[in-house]
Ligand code: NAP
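Next up: just one chain, as structure tokens, the form predicted alone.
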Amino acid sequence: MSKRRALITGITGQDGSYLADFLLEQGYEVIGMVRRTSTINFARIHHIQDKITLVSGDLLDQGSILAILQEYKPQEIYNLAAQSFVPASWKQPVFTGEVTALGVTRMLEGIRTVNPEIRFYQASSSEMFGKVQEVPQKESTPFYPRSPYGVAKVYGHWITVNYRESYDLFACSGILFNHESPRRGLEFVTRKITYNVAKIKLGLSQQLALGNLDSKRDWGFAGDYVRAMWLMLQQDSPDDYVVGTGETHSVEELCETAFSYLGLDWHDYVIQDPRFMRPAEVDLLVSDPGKARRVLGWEPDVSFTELIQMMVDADLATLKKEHNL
């Protein structure tokens, strides 16, 4: 029997790299779609680059998507590519809409045209809930996005539902709450904190500037969440699922966890900087992952404290290597 073949957009990102790891372990042939740019960063997939096939394509370019689907004939597609940094979506709202919203339509049109049997996963986001209408948030909670990114993700989510219902495609959306790892970009608050805690501990920095310390999120480990993506495409029928831990923690609590792990008091180092405040803040995101647990049998393995400590350890190791400490 031939291997199952999966296409991952956004394979060079945090989620894409963990999903590629996971699918390789399941015996898949993995195709990764990457944009042609002069500064492609393969750091997150360097350890598996000889085991996967990278192909040039772009969610802005319908032709490239059709060509990839026709040539590589994937049975599963995981659409993880997006302009996914929320603050940047205010500076580049049109680009964010083109990639994060219309990019989903281009991929679904490609599936409908080339092979409607392909199973499709869309990376939806807890940012779609934004100004939350109920706590905790579940699949039926109304969306109220508070950023151009959140608005674009709502479009991507509903166009996935629309194609599923209109063309009988096996198309699922995973509404994933915040998920982090040592592979998270430095611009995201979790990694910004763990990296700077490590720098401060090693004497390479004296302070850390942050925005809203009261903001609360449902943070889990990205490696756990890619397993939920795969499980969605293994079901008998397509559906949408909220994926999260069901716990909420504030940015202040994150600071406390990271700093105290290295024997430091965060009050001595953290300052609040208005530059990092959002124009429209999302104050409280917390998931109700009951359906994912019930239907998919999915549970997160890594706790909040374990996640932050894992990230701090990884950043310490990286910085020591970089600075020969």
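All of these numbers come straight from a predicted model, not from anything done at the bench. One-based numbering along the sequence shown.
The next section is about a form of this same protein that is not shown, the form predicted together with the ligand.
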If contact means any heavy atom within 4.5 Å, which of 233 to 241, 122 to 130, 195 to 203, 156 to 164 contacts the ligand in the predicted complex?
-> 122 to 130
Indicate whether the ligand has at least one heavy atom within 4.5 Å of a heavy atom of residue 184 in the predicted complex.
-> yes
Does the ligand get within 4.5 angstroms of any non-hydrogen atom of residue 99 in the predicted complex?
-> yes
Contact label in the predicted complex: residue 178 to the ligand, heavy atom within 4.5 Å | yes
Does residue 35 reach the ligand in the predicted complex, with heavy atoms at most 4.5 Å apart?
-> yes
One residue of 81, 108, 77, 152 in contact with the ligand, assessed in the predicted complex (non-hydrogen atom, 4.5 angstroms) = 81
Selected contact from 29, 256, 288, 58, since only one has a non-hydrogen atom within 4.5 angstroms of the ligand in the predicted complex | 58
